[in-house]
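Consider the single chain below, provided in structure tokens and representing the form predicted alone.
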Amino acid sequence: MSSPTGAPGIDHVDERLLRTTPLKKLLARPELGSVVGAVAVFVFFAVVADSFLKPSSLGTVLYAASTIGIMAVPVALLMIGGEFDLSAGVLVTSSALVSSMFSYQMTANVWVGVGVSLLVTLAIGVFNGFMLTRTKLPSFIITLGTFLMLTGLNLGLTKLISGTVSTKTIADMEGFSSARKLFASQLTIGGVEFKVTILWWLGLVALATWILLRTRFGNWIFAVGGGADAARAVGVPVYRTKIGLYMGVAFCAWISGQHLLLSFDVVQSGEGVGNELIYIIAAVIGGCLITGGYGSAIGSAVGALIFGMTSKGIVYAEWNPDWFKFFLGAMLLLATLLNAWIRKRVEATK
């Protein structure tokens, strides 16, 4: 059988030359299922909770979403690259502890502690990526080990240095006010207060989306997640890509850690445990596949928004907050099933 051009043995046309309808393009988007879920959650709480639609509630919901969304973005990119990071939650706390204790113990400007924290946090990200690529062990094992080590270090070093399970206040130190403006300030728009973390979140989503869709590194991320051996065969620097992804998680953990510290000026050493699962859930709800190679940064943002609406919607509805995890688990299952159904429909129409 010949092709339309007359070449023997070719019975198909390159997919890139086929015309795709706008509807098919829409259905192929990884975040479609999460958008549908977000609309459903919004409508649900708008009906059952009278205060959910108040302007003041908007800032509260977006703030709750941003605290998860800042970390869900790099976790989504890491999952697209085919890996996990179970240490992401406690790494946020580690970053805050390093900033606080270094500034306080060295009687240094708060910005010095912030800078040292960035270096330490990035080093932990490099450690995760290096151990993964050198040992060939699953990222689950590598980062679970890092999680346990950081949990112990956070508690042990804080008690050793501070004598308690929390750090000393740094609110009266030089540089605190300016650092707080960058990481923990708020602005008022139309009488509604918005935390600066919302801007950090939106900026990171935009940056990650640009990286995924417009850069060579973005192509490498999808290629590595689709199959590391195949990617390596076509010249993709698999090791560098994975180390870079772990450094991305570490950088965002640094941002979140500084917000945690500068919002309250002290840090509890036991915070962050369990948050890594919420970051992963937000990414999965947003369309990222557990197997890698598929997903989007925008989807992770929608997943984080669903988290914010659910966590605060339950409060506004005056329900027992113990139900939050139930709703979050239900959303995870429903979004995953919806995403799988949409992908099957798209593949069936190709």
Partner chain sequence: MTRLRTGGVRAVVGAVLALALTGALAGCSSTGGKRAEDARKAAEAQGRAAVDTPRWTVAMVTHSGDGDTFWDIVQKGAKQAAAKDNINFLYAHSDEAQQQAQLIDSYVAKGVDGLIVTLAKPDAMKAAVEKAVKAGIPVITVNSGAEQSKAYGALTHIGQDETVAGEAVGEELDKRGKKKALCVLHEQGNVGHEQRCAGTKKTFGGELVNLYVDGTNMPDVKASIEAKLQSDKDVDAVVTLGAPFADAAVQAAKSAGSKAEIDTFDLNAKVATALQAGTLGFAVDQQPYLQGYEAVDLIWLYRYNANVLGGGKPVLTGPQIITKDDAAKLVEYAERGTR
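Positions refer to the first chain, counted from 1. This one's a predicted model, so the numbers in the text were calculated from it and none came from an experiment.
Omitted from view is the form predicted in complex with its partner chain, to which the following refers.
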For this session: Consider the chain as shown here, without its partner, and state which of Ala228, Val126, Leu182, Ile211 has a heavy atom within 4.5 Å of its partner chain in the predicted bound form.
Result: Val126
Problem set entry | Interface residue in the predicted bound form among Val196, Leu202, Leu157, Val120, criterion: non-hydrogen atom within 4.5 angstroms of its partner chain | Val120
Seminar exercise, completed: Here the chain appears without its partner; judged in the predicted bound form, the stretch of 30 to 38, 48 to 56, 284 to 292, 297 to 305 with heavy atoms within 4.5 Å of its partner chain is 48 to 56
For this session: Indicate whether Thr60 is a 4.5 Å heavy atom neighbour of its partner chain in the predicted bound form.
Result: yes
Exercise. Quick one: is Tyr316 in contact with its partner chain in the predicted bound form, heavy atoms, 4.5 Å cut-off?
Worked result: yes
For this session: State yes or no: in the predicted bound form, is some non-hydrogen atom of Ser263 no more than 4.5 angstroms from a non-hydrogen atom of its partner chain?
Result: yes
Exercise. Heavy atom to heavy atom, is Arg216 within 4.5 Å of its partner chain in the predicted bound form?
Worked result: no
Problem set entry | Residues in 95 to 109 close to its partner chain in the predicted bound form, defined by a heavy atom within 4.5 Å, in order | Phe102, Tyr104, Gln105, Met106, Thr107, Ala108, Asn109
